[in-house]
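One chain is shown next in structure tokens, namely the form predicted alone.
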């Protein structure tokens, strides 16, 4: 049985689905710039979640959102919109910025062989739904209007502090979210922002007779309500979303529908790079393209991410990435052996593999099992199904000419023509291939 750590209860629980189809929502990217490797780690972890559920026999419907409007540079209600910031940086329109970085995200998403969401929801496609949501919250008595927007009155939602265990009594105005002199409570947040005179904001929609745009937190509640319906089974995201974004989502959804948002919440931890927080000022932000320039594939990085746990503190180094690359090459070479000799594998492998990942997505334990057991080609297919590492697809394959060289080398060794055997060995090494001589005959591998 799948067991997961539920952020709500702060403990590992048996997963019990709400219905026949598991409804899952993942907070997606804000598409104003390139995503770095830390961003992609979370999508790798949630891909493992989806694949684990499917390998357990569950049907899944998953929604991933793209924030292409309304996310300010802080997680509160002030600062410059990130899309506007990107547009100014590159001399493009906000729509061009959103399109370019959405496409770049998907390019890398596919390079990582991540499971395709059932719905990719762009925030700009749900503006009318956002307005209806604000209307509903207002009708239910959860909002109030100020000069700069419509705010959610957190005092009207008794459970507001529960999810993140917030100390609202000790929260100073402006300490957590942007402060407005008209706000009733320091924790109140904007569900709709009005554009002020002289304020530059290209994305704008008329609501209540004034131009404006939705608050960042609103889109997720709106998209979930329309595409999945609350409550959903699982909501995923990063630990940084807990105190503000996800707390506000919960409040909004209750104000809109009177229902809980999600039964289970899963949050992944950050990764650091060389022991430091990922930061532009430190110059340690790497994209997948940066890794490729250093000789590492997207699959090598995915291998590194899955070698640890989604809740753990992970420290990225190029030495650890090199180790992951070697480990993956070793697995691919073991698959190559399966093509060359009869490997029977171990009994009950699928059950043992599921036992590992069903324990709160413990991919590290599953990797240890794979490292230490002999697997058949069919069992390697199960590994690929679970982790999406393209092991069989990218397993070593050789041309007929190379295969002929290997057979010629074997014949030369039998005839004790070691000079010719060594010549062929050197030629194979130039092709990136080595040959192991075993009692069952020569076994070739990539190096």
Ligand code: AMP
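Residue numbers count along the first chain shown, from 1. Here the structure is a predicted model, which is why all the values come from computation and not from measurement.
Absent from the display: the form predicted in complex with adenosine monophosphate. The rest refers to it.
Among the residues 165, 159, 344, 277, the one placing a heavy atom within 4.5 Å of adenosine monophosphate in the predicted complex is 277. Distance criterion of 4.5 Å from any heavy atom to adenosine monophosphate in the predicted complex singles out 42 from the list 52, 42, 395, 379.
This chain is displayed without adenosine monophosphate, yet in the predicted complex the stretch 26 to 34 from 54 to 62, 408 to 416, 26 to 34, 385 to 393 comes within 4.5 Å of it by heavy atoms. Mapping the unseen interface onto this chain, residue 238 counts among the residues with a heavy atom inside 4.5 Å of adenosine monophosphate in the predicted complex.
When adenosine monophosphate is considered in the predicted complex, residue 140 lies well away from it, no heavy atom lying within 4.5 Å.
Put simply, residue 269 is close to adenosine monophosphate in the predicted complex: some heavy atom of it is within 4.5 Å.
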